[in-house]
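This document starts with one chain, in the form predicted alone, laid out as structure tokens.
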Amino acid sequence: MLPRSQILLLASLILAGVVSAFSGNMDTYFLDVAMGVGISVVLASSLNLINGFTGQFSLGHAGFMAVGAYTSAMITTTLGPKFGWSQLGLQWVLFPASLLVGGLLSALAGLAVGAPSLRLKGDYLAIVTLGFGEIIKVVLQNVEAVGGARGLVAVPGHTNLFWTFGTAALTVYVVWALMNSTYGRGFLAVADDEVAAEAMGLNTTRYKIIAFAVGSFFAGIAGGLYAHLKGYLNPTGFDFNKSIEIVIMVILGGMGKHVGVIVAAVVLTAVQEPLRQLGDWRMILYALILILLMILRPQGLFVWPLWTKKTT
């Protein structure tokens, strides 16, 4: 008999496959928003492992997303036609393989950033990760092989409801399973009191690097899904504002809260559509929401249940 968590994961994958099979008659705009929601769940849940459970403060999640997006897109747009995968009928293998490679390279980027910088704490770590995200954007803008400032075009649209919500379910399950393992206890110890954790013999740098690598891996996969959903990539789409959007999802849902972060990712992604007419003003609105949350409800808006009160 499978554990309940694995049964829920299997049921989620089956449901995603069934819904995707009947999505041909759905409105294309609705499908685009729905798949954007699934990608946001992957991004928010993966960042929650770093910022929420491990107690670090990363502002470079969009950079890891960009690494996965460009890697996956280059594989399907360059290697696929070059080696004739489409003619061989192996396109269905190339897409998941490109997602996996993009995730692995993003994890390596997470290790590259984490190894030298995770000895830092608080604001210093945030500045380092922010700098990494900006470096990735500038590099992509100046590499003509990936389109440079013009962007990368003609990315095949392989992303569908099964891949987005299947990946979202898998991400949530992996983060949940990891936090309910011995590693999860180490992450929580680092978040609660890093000095005390070190005094107890925990290698806190090791736990922070693992959290960064796992979070970066799923951010890279989310980037690959995003690339094959939009069909066009531009470095400016992975700037500081994108990282802030993901951070707000985690804070709005409650740092270290599985369900709350998922709900916040869904709500914020859906509400962006009517707010797009505000242009850059929506970032000011996000900033005001974040300030009010930190003052009025620092534990997060979607901590379940909202009406629970402490009893004595």
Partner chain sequence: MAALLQLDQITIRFGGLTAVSEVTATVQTGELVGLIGPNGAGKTTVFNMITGVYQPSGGRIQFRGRSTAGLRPFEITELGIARTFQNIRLFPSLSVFDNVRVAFHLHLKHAAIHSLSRGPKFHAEEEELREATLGLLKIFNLERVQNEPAKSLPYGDQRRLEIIRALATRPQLLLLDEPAAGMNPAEKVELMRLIQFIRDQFQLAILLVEHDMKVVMGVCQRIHVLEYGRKIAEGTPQQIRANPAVIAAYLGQESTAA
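Everything numeric in this text was worked out from a predicted model, so none of it was measured. Residue numbers count along the first chain shown, from 1.
There is another form of the same protein, the form predicted together with its partner chain; it is not shown, and what comes next is about it.
Asn180 is the sole member of Thr236, Asn241, Asn142, Asn180 with a non-hydrogen atom within 4.5 Å of its partner chain in the model of the complex. Proximity to its partner chain in the model of the complex, taken as a non-hydrogen atom within 4.5 angstroms, holds for one residue of Tyr207, Tyr226, Phe217, Trp163, which is Tyr207. Comment: 194-202 is the region of 194-202, 132-140, 99-107, 151-159 lying near its partner chain in the model of the complex, near meaning a non-hydrogen atom within 4.5 Å. Using a 4.5 angstroms limit between non-hydrogen atoms, Leu188 touches its partner chain in the model of the complex. Shown alone here, Phe95 lies farther than 4.5 Å from its partner chain in the model of the complex, counting heavy atoms only. Taking the partner from the other structure, its partner chain in the model of the complex has no heavy atom within 4.5 Å of any heavy atom of Tyr232. At the 4.5 Å threshold, heavy atoms of Val174 reach its partner chain in the model of the complex.
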